[in-house]
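Only one chain is shown below, in structure tokens, and it's the form predicted on its own.
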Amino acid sequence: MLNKEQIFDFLKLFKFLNAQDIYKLSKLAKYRKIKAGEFFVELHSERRKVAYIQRGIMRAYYVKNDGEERTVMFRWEKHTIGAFEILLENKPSSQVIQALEDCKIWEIDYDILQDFLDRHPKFEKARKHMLQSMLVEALKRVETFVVESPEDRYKKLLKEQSEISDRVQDKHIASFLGITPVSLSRIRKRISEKKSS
């Protein structure tokens, strides 16, 4: 069961639900630990799970035909994560979700969640909010690659998660930004020089 602090976090996430509503939803969740390097969703998985991250950081990535991994998302504390294709299109996942640190999560079976939401119409807004959030994030991700420079994308990432450089390997951050680790090093140097001047 979620504790008071976690329920409060969910209240901030779903502002239209009250503490009692969150408590009902929390009873569907199972507490789980995932070690660094383990997978929450594997390639071609049909694992219909959603997780709320209590502690730790995960990344979602695609594997290109040549074997190169392309990171598309990071998720850390107080965020939810799941494989979009499985949840929204009922297709096997073409992305992988992996723990980068030892993680503590609250996991919900998406089908059980859907059944709960179907039986409790007042939660329909929560379902729409969750799906809209997924769509908005995907669109924003595309937009940043069209209108922002890698340096701007990196600054935005630092604003969202200031400790990202300490918690995630440079190769994963560079992949997320669509650049090489060498280019990431240059960006950091430029930012450092601007701060010191």
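Residue numbers run from 1 along the displayed sequence. Since we're looking at a predicted model, the values are computed, not measured. Each form is matched to the other, and the largest set of C-alpha atoms that superpose within 1.5 Å is called the rigid core.
Below, we refer to the form predicted in complex with another copy of the chain, which is not included among the displayed structures.
With a 4.5 Å cutoff on heavy atoms, Tyr62 counts as touching another copy of the chain in the predicted bound form.
Using a 4.5 angstroms limit between non-hydrogen atoms, Tyr31 is distant from another copy of the chain in the predicted bound form. In the predicted bound form, Leu158 stays away from another copy of the chain, with no heavy atom inside 4.5 Å.
Contact check for Lys171: every heavy atom lies farther than 4.5 Å from another copy of the chain in the predicted bound form. In plain terms, the part of the chain that comes close to another copy of the chain in the predicted bound form, with a heavy atom within 4.5 Å, is 65-73 out of 161-169, 65-73, 51-59, 34-42. Between the options Lys91, His120, Lys78, Lys104, the residue in contact with another copy of the chain in the predicted bound form by a heavy atom within 4.5 angstroms is Lys91.
Counting a residue when any of its non-hydrogen atoms is within 4.5 Å of another copy of the chain in the predicted bound form, the hits in 136-157 run Val136, Ala138, Leu139, Lys140, Arg141, Val142, Glu143, Phe145, Val146, Val147. For Lys35, the Cα coordinates differ by under 2 angstroms between the shown form and the other one after the core has been superposed.
In this overlay on the rigid core, Glu46 has a C-alpha that sits less than 2 Å away from its partner position between the shown form and the other one.
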